[in-house]
Ligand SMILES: Cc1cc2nc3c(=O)[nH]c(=O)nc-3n(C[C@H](O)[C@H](O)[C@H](O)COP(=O)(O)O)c2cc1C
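The data below hold one chain only, encoded as structure tokens and taken in the form predicted on its own.
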Amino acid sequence: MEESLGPIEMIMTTRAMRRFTDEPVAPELIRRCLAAAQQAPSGGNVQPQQYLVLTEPAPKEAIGNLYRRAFDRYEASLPERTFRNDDQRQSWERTSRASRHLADHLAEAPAIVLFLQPLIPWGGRDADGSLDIGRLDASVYPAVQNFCLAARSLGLGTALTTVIRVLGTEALEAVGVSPAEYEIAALVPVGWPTGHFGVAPRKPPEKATHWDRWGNRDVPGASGQ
């Protein structure tokens, strides 16, 4: 258990974990993570998400096989990459190997959580036309992130994945969900990780931040301005 972590440290060290030990995860721990997920904000407080937790071998095997097939198609579709340097190439290769491992071993994860999103009308209309109030999944993915953060606080590893959507209809039918009513927003394996938590390599926020107008990188009030 690592609940003594501060919130910023927890966020900074929550990264995708794709390899797990054989140790089971108690249902009560998953329930605690789901409670955290349910506290996430949602548009209009509609709380649209449903959670399907797979722990038995048969449904995990069914979803694992479909995930592997979906990943095979996705992996084969990727264009050839070029790299600026060896560090970038090695980072990509590590991630690729870990993703391949998960695709080949998903069914072995102690638990698999499907975050389901209902197929319901969203937005509205007025006299001037349709109203774009954002996508419904904007009210689902905060729950996914809350779940992953809660898992991190307990020492559990997770990985937010979406490749199962390639075969989403088959996956839903395999676990008894109507594809006419729901889609899969995310699939999250849960387990005790074999690796270590840490700060993932990311480009610095300065590379993606603009202040007051597009293209302005100058931080207001920074020294020398």
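Note that the structure is a prediction, hence the values are computed from the model and not measured. Numbers for residues come from their place in the sequence shown, where the first is 1.
This protein has a second form, the form predicted together with the ligand, left out of what is shown; the following refers to that one.
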property	result
Single option in 66, 163, 29, 175 placed near the ligand in the predicted complex, where near means a heavy atom within 4.5 Å	163
Selected contact from 200, 53, 62, 46, since only one has a non-hydrogen atom within 4.5 angstroms of the ligand in the predicted complex	200
Three-residue site 19, 152 and 156 fully in contact with the ligand in the predicted complex at 4.5 Å by heavy atom	no
is_contact(residue 95, the ligand) in the predicted complex, heavy atom dist at most 4.5 Å	yes
4.5 angstroms heavy atom contact with the ligand in the predicted complex for residue 102	yes
